[in-house]
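Just the one chain here, laid out as structure tokens, in the form predicted alone.
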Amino acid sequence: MTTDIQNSPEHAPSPRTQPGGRVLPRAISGQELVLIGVLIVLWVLLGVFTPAFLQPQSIQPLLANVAPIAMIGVGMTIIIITAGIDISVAGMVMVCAVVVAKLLAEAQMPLPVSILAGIVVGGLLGLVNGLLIAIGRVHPIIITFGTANIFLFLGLRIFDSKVVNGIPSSIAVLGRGEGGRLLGVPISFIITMIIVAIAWWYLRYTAGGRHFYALGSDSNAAALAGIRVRRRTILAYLVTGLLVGLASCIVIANGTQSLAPTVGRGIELQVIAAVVIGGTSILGGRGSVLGTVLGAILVQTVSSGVIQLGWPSQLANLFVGVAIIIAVGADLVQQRLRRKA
């Protein structure tokens, strides 16, 4: 089974052999290098046409906005690697955010306790998705479409059609303001990059991480090889839920001292866009959390650049949509070429 995984597209061997004779995939894929190049060109062009873009006042909010998208994207990457998908994350963000906001503003709970509560709630919601998908054996898009509506209903009931006001400024440590930076970098972005580094290491260097790729390549073959498919499926959605819970706290911190029932709206589209643009195959079996971070930065760069250039905001959606189509099309072409080879 190890040989099959190492020969998969994501684990194509490199010329470098590691101690013990095992050949590892390249640390940075070709698509990730392309994304880095595209980002460099975009940043240079935006710096020329809108010099304010390269100022700290512009870069810091951009990284703060990237943080929750990339954080949820880590979990979504693992899910899509297993040939799944989760379109309920927007509803999960709403539920987690309103729980945290009410604990802070109304129950006056300490910040660490409130954040922990948000993570636990997110984990429970993710666990519900994982159990329904693993046990029911229904396509993830059907299950998560159903739970998305249930989570949205639950969130609206907790909001009780009212804006949550009086959120204490203590949560600003996770936001885009002065108190949320370390050496000029948003703390939320630093936390996200630590999570990305852990996930990158886990997927690349551990047997458990490679099991996710095997599951996405062929779940039946993975089961025959002794991989516990249901457990891995549940774990993927549980991890995503936990990350959504933490990301919802960042979403609150990036806003004002109030929280509206519209929180989280559309975030699932941004996350999926970041993952797909980052090179994760929508068919499963191939992907990288590093690519997801680069995809999230690209999406936010386009949105920020369109605004600073004074162009209609709808153009950002157009550009991101074109990028998604190109990424998916390139992936499908590569898949067909590999099959012919």
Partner chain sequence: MSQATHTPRQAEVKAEASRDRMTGILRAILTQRVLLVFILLVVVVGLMFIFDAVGLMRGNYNAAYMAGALTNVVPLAMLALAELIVIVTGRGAIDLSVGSMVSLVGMTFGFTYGLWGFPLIASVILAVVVGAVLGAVNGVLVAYLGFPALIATLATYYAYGSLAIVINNQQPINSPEIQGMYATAQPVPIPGLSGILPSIPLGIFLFLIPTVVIAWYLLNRSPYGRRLYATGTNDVAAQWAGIDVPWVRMRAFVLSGMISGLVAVVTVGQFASARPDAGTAGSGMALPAITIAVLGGVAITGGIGRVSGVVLATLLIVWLNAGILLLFPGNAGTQYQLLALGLVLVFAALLNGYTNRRFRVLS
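Because the structure is predicted, anything quoted here is derived from the model rather than measured. Positions refer to the first chain, counted from 1. If you superpose the two forms and keep the largest set of C-alpha atoms that fall within 1.5 Å, you have the rigid core.
What comes next is about the form predicted in complex with its partner chain, which is not displayed.
> Counting only heavy atoms and a 4.5 Å cutoff, which of 202-210, 185-193, 102-110, 152-160 contacts its partner chain in the model of the complex?
Every other range fails; the passing one is 152-160.
> Flag R265 as yes or no: does it have a non-hydrogen atom within 4.5 angstroms of any non-hydrogen atom of its partner chain in the model of the complex?
Contact check for R265: yes, within 4.5 Å of its partner chain in the model of the complex.
> Answer yes if any heavy atom of R336 is within 4.5 Å of a heavy atom of its partner chain in the model of the complex; otherwise answer no.
Contact with its partner chain, yes.
> With the partner left out here, check for me: in the model of the complex, does some heavy atom of H139 sit within 4.5 Å of its partner chain?
Taking the distances in the model of the complex, the answer for H139 is yes, it comes within 4.5 Å of its partner chain.
> Please run the contact check for P51 against its partner chain in the model of the complex: heavy atoms, 4.5 angstroms, yes or no?
No - in the model of the complex, heavy atoms of P51 and its partner chain never come within 4.5 Å of each other.
> Would you confirm whether the three residues I85, F145 and Q270 all fall within 4.5 Å of its partner chain in the model of the complex, going by non-hydrogen atoms?
All three within 4.5 Å in the model of the complex.
> Considering G30, G37, P312, P56, which brings a non-hydrogen atom within 4.5 Å of its partner chain in the model of the complex?
Contact with its partner chain in the model of the complex is made by P312 alone.
> Would you give me the residues of 228-261 that have any heavy atom within 4.5 Å of its partner chain in the model of the complex, in order from first to last?
Nothing in the stretch sits within 4.5 Å of the partner.
> Would G321 count as moving between the shown form and the other one, using a Cα shift of 2 angstroms or more after superposing the core as the test?
Shift of 2 Å or more: no.
> I40 to V333, Cα distance in the model of the complex relative to here: closer or farther, by 3 Å or more?
Here the pair is farther apart than in the model of the complex; there, closer.
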